[in-house]
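The chain below stands alone and is given in structure tokens; this is the form predicted on its own.
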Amino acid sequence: MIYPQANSYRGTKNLSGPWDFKWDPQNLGIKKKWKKGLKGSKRITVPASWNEQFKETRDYLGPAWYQTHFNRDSNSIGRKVFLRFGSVNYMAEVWLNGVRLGSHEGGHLPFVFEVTKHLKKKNNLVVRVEGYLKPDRVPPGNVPPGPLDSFNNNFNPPASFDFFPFCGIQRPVLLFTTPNERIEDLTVTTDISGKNGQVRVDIAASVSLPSTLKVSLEGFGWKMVSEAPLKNGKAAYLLPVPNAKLWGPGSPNLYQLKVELKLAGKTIDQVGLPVGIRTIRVKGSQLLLNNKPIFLKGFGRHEDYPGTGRYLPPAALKKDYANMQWIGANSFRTTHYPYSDEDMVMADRLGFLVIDETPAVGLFFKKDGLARRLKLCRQFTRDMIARDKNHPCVAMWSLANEPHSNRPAAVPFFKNLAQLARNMDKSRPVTLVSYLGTPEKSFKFLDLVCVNRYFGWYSEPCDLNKAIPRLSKDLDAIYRRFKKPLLVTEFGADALPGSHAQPPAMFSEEYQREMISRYLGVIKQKPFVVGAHVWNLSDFKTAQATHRPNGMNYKGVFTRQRKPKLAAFALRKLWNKNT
């Protein structure tokens, strides 16, 4: 899955901006053929969540329609033209000039339609979106309560996960062109031996005549070029890199890969890709980056921002990275869905390691809808790896967050997903994130153990003298059972901005600071713990509930507007030491 590029052979056009918008609570749009055009619509910004743009749609998850118009560019004549949506949550159905292109389910990964034969000089694009919360969707919602499933069903809207179910076109919409004979896909894997690196490039192309590929890799005053014929539309190259500049936090060294498709000696297509040479492996109780132990310091995050919802504008995205750099972090997890292409590119460039997670948050394993949920999880795992496999920032794949794994069906479910991930990518570890700890049977066949812990908050409230010893014993017990590297992937406390108490009390900034600091003190004493991710980088919107004042989760060490709380200063002091 090559991200759209602009060069002499390819072009892109961003369709983001003001669109027409009309919600459809009576679900009349299909019958009234709104696919041919909207009347009586409002203006809305794309990309952004509709819930943040109109008061009437704050909690609305039902059908709504989008429309935009665009002209066909002259340079697209004679080329294939595609339409790419970065993210539409949750169900999307798309029409171009009244012709149905297709539909897509799932809110956090891109999907593409070829539109070449449907284009006119002036074009009308219409998209129907709905985000109903249903038990057989991923993530699920409106889940019936059960004795083995610890869902909180008192949210409005009734999400089965603790963040807001934003709806709409939430990432950029791109029109892009390629040659008819083109490079279809690239897969880059890297290895190191001593001071030298190796880059393997697997290429797939769509060609009808005998062709050759020219591959060049350059950077830091070094360049290598290789050329060979394609065989059945595929080719593989091994490029040795002497004295390689390795990629990692603090040294995000990127080489530039260029691949040219040539026919009769003439270049007919070209794509480029930044390449970071690095390895990531598990050895005993250690996580090794470039054959050296690394400790992951960082956060869970959310794509959440005032006014835009699930879409992070470029300035807000840059601010998140600036805050993480200021505080001394080197990593984060894409909680609880794959983040935008732009986010992953920035992690590559700035040297952040990423636990890349599917949208499978809050899974449950009752028989009803289980086969459909597995099918969706396989689709999302496959699409995530296909999109992100070439990012050096991706340290591991996470199959789910906090599944309700008490039922026997959970183990074969995750074995299925783990095998899929390993078949697609053997170069990275595979994990999942659990709240269960020792009872999580799936950890037996995964590479790392990731656990979320809230002793001192959801249990032992405001009693850290009981919570901290329990945390220490719990981490020891988990390691004794699984003998694998352990990451504490969530821990923290809500702190209302500006709320202070002495002695520290729950919801005060002082209590959040003390709880996080004391957790890190315990974690530092455990050599088998290879990472600590605070929950959360910034406050974020949730569905409304009695334990969520203002419909917000206040566990951020920064506010939703990205202003620091006391815990941010404490973390900066702790993480800028050589820990």
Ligand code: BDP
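Please read all numbers here as calculations on a predicted model, not as lab measurements. Residue numbers here begin at 1 and follow the sequence given.
Below: the form predicted together with ligand BDP, not depicted.
Colleague: Within 4.5 Å, heavy atoms only, which of 343, 356, 490, 320 is in contact with ligand BDP in the predicted complex?
Modeller: Partner contact (heavy atom, 4.5 Å) among the options: 490.
Colleague: Give me the residue from 237, 454, 85, 413 that has a heavy atom within 4.5 Å of ligand BDP in the predicted complex.
Modeller: Of the candidates 237, 454, 85, 413, 454 is the one lying within 4.5 Å of ligand BDP in the predicted complex.
Colleague: So which stretch, 516-524, 29-37, 546-554, 64-72, is the one near ligand BDP in the predicted complex (non-hydrogen atoms, 4.5 Å)?
Modeller: Flagged stretch: 546-554.
Colleague: Is ligand BDP in the predicted complex close enough to 336, 458 and 535 that every residue in that trio has a heavy atom within 4.5 angstroms of it?
Modeller: Heavy-atom distance to ligand BDP in the predicted complex: all three under 4.5 Å.
Colleague: Can you tell me if residue 398 lies within 4.5 angstroms of ligand BDP in the predicted complex, counting non-hydrogen atoms only?
Modeller: Taking the distances in the predicted complex, the answer for residue 398 is no, it never comes within 4.5 Å of ligand BDP.
Colleague: With the cut-off set at 4.5 Å between non-hydrogen atoms, does residue 388 touch ligand BDP in the predicted complex?
Modeller: Flag for residue 388 set to no.
Colleague: Under a 4.5 Å heavy atom criterion, is residue 348 part of the interface with ligand BDP in the predicted complex?
Modeller: No, residue 348 sits far enough from ligand BDP in the predicted complex that none of its heavy atoms falls within 4.5 Å.
Colleague: Does residue 93 reach ligand BDP in the predicted complex if we count a contact as any heavy atom within 4.5 Å?
Modeller: The answer is no: residue 93 has no heavy atom within 4.5 Å of ligand BDP.
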